[in-house]
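Heads up, the chain below is alone and in the form predicted on its own; it's given as structure tokens.
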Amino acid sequence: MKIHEYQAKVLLAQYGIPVPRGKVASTPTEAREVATEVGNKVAIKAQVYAGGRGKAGGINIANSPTEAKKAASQLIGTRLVTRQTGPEGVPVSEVLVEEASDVARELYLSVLVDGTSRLPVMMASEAGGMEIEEVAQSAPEKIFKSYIDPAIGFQPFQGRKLAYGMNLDGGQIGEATRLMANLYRLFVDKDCSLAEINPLVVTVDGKLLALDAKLSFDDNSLYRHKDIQGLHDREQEEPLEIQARDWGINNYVKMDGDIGCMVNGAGLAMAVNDLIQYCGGRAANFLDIGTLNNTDRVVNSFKMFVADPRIKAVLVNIFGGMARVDVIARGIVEAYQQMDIPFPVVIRLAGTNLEEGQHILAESGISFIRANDFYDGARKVVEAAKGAKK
């Protein structure tokens, strides 16, 4: 789960990490009032769940409260399009109005979980203000990492090593080390999947300041953090993905194709999407129904397909282990009974209770395209989708 920058900065401040003075505003008049309160020269920053705001016109400097009101009026109520949003953009309902900082240097700092080592890792770089992926390509020698043993936590020597890697001077080493320790404490306490400060700036008077912040949280831990749950802005998310969660389908991601996919297992789902593209088509979604033996999840998956006007054909590719094939088959039949399915459906089933599942489908009288194997299913659904376009 993501939250807005202004919400992330409130949490950072609670953990002793310095942030600029500022407040969020939902109207241009509020933006003028905040600018008057915090200082004449302010930054007006669109609050959206996307990076690349500066290059997209989502961050502007205002030299007076009047300019702040005008800048806010140009953002609030619009949709901001960045390289991370797609052409439809995301709505801007609020702006963060904060004091403009006199910046001498821009740094990068983050904590995340490294999948290879299965440890938290703190990353730092003197090349702040850029996406870390860009730094990794253009100047990988400027990225420094320190892996953290959860049993003992982040140690001061690790902070000093990273601070020297960012070319901080002697007077800033201790301040940076304390800041890193506080960021790691926030990361652990709030069950974050990412805690990023980019840029972490050095001001002209030599102080460290979190000029921007991004926090993401492990969805599986949210039951422990009711306060964090309340920060979620549903307006910022894809409506189909919200609908999927409301229907109990937690592993759904909208993509840009026209072939619906229902699969059990994340690895198989990714392989299905790859094979569909290999066969000349494009998947409309990533959808992993998991291993729960529940026909409702199958029915709700079909509801998602019907609700998506882009869908031209659907591939059901189930390799049943813990998820039984007969339960999936009953769910498919129930879906056909409950709604009009306006597109061809290709079904490939394998695994536990296969014969019973095939019998259920055969006796149901529903019309579908049978696939013999994985590749056959991908090939047939691409053909069906192309035929539906004619």
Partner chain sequence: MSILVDESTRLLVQGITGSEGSFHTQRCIEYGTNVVAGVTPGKGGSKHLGVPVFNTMEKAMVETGANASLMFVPPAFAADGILEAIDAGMPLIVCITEGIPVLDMVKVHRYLKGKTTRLIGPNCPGVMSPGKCKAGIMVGEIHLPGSVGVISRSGTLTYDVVSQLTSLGIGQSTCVGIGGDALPGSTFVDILKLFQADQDTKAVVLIGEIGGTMEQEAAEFISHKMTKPVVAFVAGSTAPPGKRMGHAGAIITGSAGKASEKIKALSQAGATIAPTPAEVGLTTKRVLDGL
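Throughout, rigid core stands for the largest set of C-alpha atoms superposing within 1.5 Å between the two forms. From a predicted model like this one, the values you see are computed outputs, not experimental measurements. Positions refer to the first chain, counted from 1.
The same protein also has a form predicted together with the partner chain, omitted here; what follows describes it.
A.B. asks: Give me the residue from R348, R53, K69, R330 that has a heavy atom within 4.5 Å of the partner chain in the model of the complex.
C.D. replies: By the 4.5 Å criterion, the partner-contacting residue is R348.
A.B. asks: If the cut-off is 4.5 angstroms on heavy atoms, which of these, G230, G267, P309, P140, is the one near the partner chain in the model of the complex?
C.D. replies: Only one option qualifies, and that one is G267.
A.B. asks: Report yes if all three of E235, L240 and Q243 come within 4.5 Å of the partner chain in the model of the complex by some heavy atom, otherwise no.
C.D. replies: Verified in the model of the complex; spot residues all out of contact, no.
A.B. asks: Looking at 75-83, 118-126, 202-210, 161-169, which lies within 4.5 angstroms of the partner chain in the model of the complex, counting heavy atoms?
C.D. replies: Within 4.5 Å of the partner lies stretch 118-126.
A.B. asks: Is S301 close enough to the partner chain in the model of the complex to count, meaning some heavy atom within 4.5 Å?
C.D. replies: Contact with the partner chain, no.
A.B. asks: Report yes if any heavy atom of G320 sits within 4.5 Å of a heavy atom of the partner chain in the model of the complex; otherwise report no.
C.D. replies: Judged by the heavy-atom cut-off of 4.5 Å, G320 is in contact with the partner chain in the model of the complex.
A.B. asks: Is F187 close to the partner chain in the model of the complex, meaning a heavy atom pair under 4.5 Å apart or at it?
C.D. replies: Contact with the partner chain, yes.
A.B. asks: Using a 4.5 angstroms cut-off on non-hydrogen atoms, would L275 count as touching the partner chain in the model of the complex?
C.D. replies: Although the partner chain is absent here, L275 would touch it in the model of the complex, with heavy atoms inside 4.5 Å.
A.B. asks: Of 349-368, which residues get within 4.5 Å of the partner chain in the model of the complex if you count heavy atoms?
C.D. replies: Heavy-atom contacts to the partner chain in the model of the complex: only T352.
A.B. asks: Align on the rigid core first; then say whether the Cα of S221 has moved by at least 2 Å between this form and the one not shown.
C.D. replies: Yes; S221 is a residue whose C-alpha shifts (by 2 Å or more) between this form and the one not shown when the cores are overlaid.
A.B. asks: Answer yes if the Cα of V92 shifts by 2 angstroms or more between this form and the one not shown on a rigid-core superposition, and no otherwise.
C.D. replies: No.
A.B. asks: Core-aligned, does G248 move its Cα 2 Å or more between this form and the one not shown?
C.D. replies: No, the C-alpha position differs by under 2 Å between this form and the one not shown.
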